Each structure stands twice: as structure tokens, then as C-alpha cells.
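Presented as C-alpha cells, the chain that follows is alone, the form predicted on its own.
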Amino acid sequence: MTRSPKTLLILLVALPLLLLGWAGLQLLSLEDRQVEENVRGLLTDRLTETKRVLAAEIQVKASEMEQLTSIDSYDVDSLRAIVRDDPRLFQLFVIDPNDFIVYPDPRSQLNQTEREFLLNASSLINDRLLQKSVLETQSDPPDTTQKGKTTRLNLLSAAASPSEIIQKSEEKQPTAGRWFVWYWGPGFHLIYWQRRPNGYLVGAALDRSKWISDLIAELPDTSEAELSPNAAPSQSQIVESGSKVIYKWGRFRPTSGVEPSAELQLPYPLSAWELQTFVPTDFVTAGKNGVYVLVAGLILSTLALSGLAILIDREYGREARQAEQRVSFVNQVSHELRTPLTNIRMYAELLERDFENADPPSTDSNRRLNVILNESHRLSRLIGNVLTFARHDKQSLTVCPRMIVPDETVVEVVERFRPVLDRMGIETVLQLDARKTLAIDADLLEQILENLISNVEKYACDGKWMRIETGILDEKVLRLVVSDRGPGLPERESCRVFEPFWRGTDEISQAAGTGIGLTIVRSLARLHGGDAKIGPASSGASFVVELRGVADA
């Protein structure tokens, strides 16, 4: 098998495998995305359940703080007792209807918690006079002349009153109840407030450690879903402000820096918190089973296609060997035919000389003898063409140039065809101008000219005319032109006349021919450094052959 069919077989195996591999990878990618989406959905459902638990606990605390801040008597000692006795509280505060803080009063004697609250609430109560008043109360006794006076609060900005700030937060989170988020120290703090019927605003700042521990107490050490023996190990955690881990649970330990498998932000007032969960990467993707199936499928497909390619290769090789054997057989037969044919021609030519010397010569005997000679020449050319074509197909043809006068060879060939041409009434015109010696393979030139003349004899005899021109171009190129006045060549088929086994028509009534004559003409011309092509002709056909030789020095 030649290289091209082997390349086609390789492509026949490789292209389907590439397509199968590409399609398999696409399916694996799609399956991975679907599995990941489903797993993330399940993990998000688990986080949603945790979110519901935390929201319920916040609602419980809201109810508790609602009762605790339902205060209409603002005696300092009573308020301090409430703060002191309730571990859930960090500090209570009271603001009158005119937005002046009445407890803890910065101008009064404050305890440590109250001072800490007022100082650290500067971001909430952003009034310089208030801060100065708080600092003064730490060193000076309370001024009794100022008793009954209050200090007005500016919350966060001079233009905003506490009611406006709380109203804004309420408008911002209309469903979050009356929680207010206050950032201070290690993180955010919760303030619960309510406005009493008397116009006073009573608020409670919750102790951060206590309310966080209360929320965590509602969370499991290990999720119920993880308790199932077939469930994926996981770790869930509460993260504050995107990085600070508040609490985590579960038996899985993710690698540091890995992205969470699912995450969910909590609603107000815990919106600074985010729930995250981690599971092993294998549980979020389709795993390696799909890859194993794909690789196994590709291996089986490779084996199947390779087996098919081997069968095709063997079958093609067997047919090629049979074709080669047939060609070899034809060559051998042609060789075997050439020997007796040569003897027939030789003895026929000797007999022709004897008849020429006979007195009187026998006309019928000469005619019959000429028929024998002509047919033997035709058979010789046919065998010669078959052998030349076979050697050219095997690339075993060689050129053996020797110094000759091309016109002499042309005349010899024409004279060899003379009896046939005369019998068919074909006028032969010779315009020979290649009288200089050139290094040309004479046998090759003879075979080229014999095929061209034979072509006229077979297909253009109706024109009754043939012209043979010779010339030498550039001192070393022999130019041979054979023209006729036959039916010519169809224009759309003219490019195929040099193809092997091409015939203008397959009709039985047409002249016989093997379809390799012009193919041999072009092959031999190119082998000799020239070419053969169709020449211009006003009628009939014209073939131009050029052979590159070596001029006689």
C-alpha cells in the first residue's frame, strides 16, 4: 500500500477517535456542571435550614427585648438594677421625645459600663459636646445647678436625630423589626429599641458574647444530614465580615484558602454574617468514574477502528498484489510475444527482398507480404507500448542518449509507416529542419513519433493529410510537431487526452486503441527533459513534443 492510502487509514482511525474524545469531554463537563449545581442546591438547602434556626432565635430575643424595654419609669437606680441583674444586657439607654439622652446622663456620676457605653457609642452618638461632657463627669462631681438639664444627641451626623436614624434603619429593613446594628470593638453589636407611648425611646444594647453564645447553642455540632453513613463529610461555619470565623461545626477539614462549596448571607440584623459550608471536591463533581468510562470507550473504539483499518489494509494489499501479478504476467507475455514476432518480421523482410529480386515479381505475394510486415510492426508497437507503460509505472525507464541526426530518425519512422499511409490515402508532408546532431535517445524518439503517427492512422485518417515538422530550439531542444486534418479534439476533453486509458469514445465502431499512446508520448518527453502538449490548429489536431538534448560540440 502506498503512503497516501495508509495516511487515509490513519485519518479514518484518528478522526472518529478525536470526535469521540471531544464529545466525551463535552458530556463530562456538562455532567460535572449538573452534579455541581445539584450538590450546591442541596448544601444551600442545609444552610437555609440553619438560617431559619438563627432567624427564629433572633425573633425570640426580639420578643424578650420587647418586654425588657417596656419601661415608662426612668429612675437611674432601677435602670442600673435591670442592667446589673440581666446578663443579656450590656447597657440600657433612654432618649426623651426631644431627642435628648436622659440615661445614662453624661453629666451625672457614671459607672464603668455607662462610661464605656457612651465613649464607644461615639460613632452612634456623634456629638463633641456629649463626649466632652462624658469626660468631665469622670473627673468632676456632678453640677447640681445643671440638674434637670439634658444634652441633645446628634446621631452619626449633625442633621440626623436618633429617631431619624432609627427610622432610616427601619425603612431600610422594614421586615427586620426594631433592631439596630452598632459597630464597635471586636465586631457589630445589637441594639433593640422601642418608642414608648409617652414619647420616650428606650433601647437595650445586648451583650455581644451572650447573644452570640445563645445563637451558637442552637446550632448542632454535626449536621443531621452528615450523620447519614452515605452522606458527604462537611464543615459549616459562620463568618463575620467575610473573614472572621465566629463558629464552625462538622467533621470535614477543608484546605486553607479553598472556596466554600455553598454560602448564604443571613438577614438583618445578622446581615454581617455569612453561612458557609465545605465538602470534599469529589462530592461536588461527577468524580473520575466518567473519565474511566470515557477512557475505556476510547480504548475499545481504538481497537475496533484499528482492527477495521488492518482488515482494509490487508484486503487492499491483497488486491494490489493481485494487480501487480497481473501486470507482471502481461509483461512476461509481452516479452514472450516479442521474440517470435521479431523473427517473423525478420524473415518477412528477407522474403520481401527475395520477392523484389524475383523476375517477374508476384504482385499478390508482395501485397500479402506487406500485410504481414505491417501487422507485425503494429503488434511490435503495441507490445513496446505495453512494456514502456509498465516500466514507467515502476519508474524503471531510463534515457540512453547518443549522437544522432533527428531528421534521419524521423524519415526512417515515416518510411516504416509509408505502406499503411499510402494504402489509407493519407498525404504526408514533411517540413524537417533538425539536421544537426543532438544527444537524443533514438529509440525513445522513434516510439514517440510512432505513437503520434499511429494516432493519426487510427483517429484522423478521414482528413487524408498529415504534416510532420521538426526544428531545433536554442541549439539543444528538438521540437517535433505532428498535425492532421481529422475531426480534432473536443475542447472540454482536450485536457484529458494525456491521461492513461482515456478514450474519446467507447463505441465499438470507433478505431481500436489501448488509450496509453499519448500517455507514453508525454511520459517519454518529460523523461527526456521536455514535454508534450496540444498545439494550435485551425482544423484537426496538432501535437507538439520537445526533447532536451545535447548539441554536438
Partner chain sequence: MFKTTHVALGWGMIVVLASGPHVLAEQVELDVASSYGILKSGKKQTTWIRVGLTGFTMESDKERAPVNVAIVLDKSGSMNGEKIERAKAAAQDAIDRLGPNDIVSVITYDTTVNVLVPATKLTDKAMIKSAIGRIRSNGGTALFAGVSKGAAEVRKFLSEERVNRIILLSDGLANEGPSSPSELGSLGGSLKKEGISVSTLGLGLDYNEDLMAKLASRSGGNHFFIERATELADVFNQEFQDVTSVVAQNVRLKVNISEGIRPVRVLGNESEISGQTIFVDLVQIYSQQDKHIVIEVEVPESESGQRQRLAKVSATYLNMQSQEADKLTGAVAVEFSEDVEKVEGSLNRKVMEDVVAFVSNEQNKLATDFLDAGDLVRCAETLEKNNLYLKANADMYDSDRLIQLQKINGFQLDAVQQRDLVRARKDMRYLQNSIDLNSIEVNSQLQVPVDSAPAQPVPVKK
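Numbering follows the first chain given and starts at 1. This one's a predicted model, so the numbers in the text were calculated from it and none came from an experiment.
Quick note: we don't show the form predicted together with the partner chain, though the next part is all about it.
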property: Contacting member of 250, 463, 203, 260, with respect to the partner chain in the model of the complex [4.5 Å, heavy atom]; result: 250
property: Of 213, 428, 265, 370, the one that lies within 4.5 Å of the partner chain in the model of the complex (heavy atoms); result: 213
property: Proximity of residue 473 to the partner chain in the model of the complex, heavy atoms at 4.5 Å; result: no
property: Residue 407: touches the partner chain in the model of the complex, heavy atom cutoff 4.5 angstroms; result: no
property: Contact flag, residue 245 vs the partner chain in the model of the complex, heavy atom cut 4.5 Å; result: yes
property: Partner proximity in the model of the complex: residue 219 to the partner chain, non-hydrogen atom cutoff 4.5 Å; result: yes
property: Heavy atom of each of 436, 439 and 529 within 4.5 Å of the partner chain in the model of the complex; result: no
property: Contact segment among 315-323, 104-112, 479-487, 381-389, judged by heavy atoms lying within 4.5 Å of the partner chain in the model of the complex; result: 104-112
property: Within 4.5 Å of the partner chain in the model of the complex: residues from 70-98 (heavy atom criterion); result: 80, 83, 84, 85, 86, 87, 89
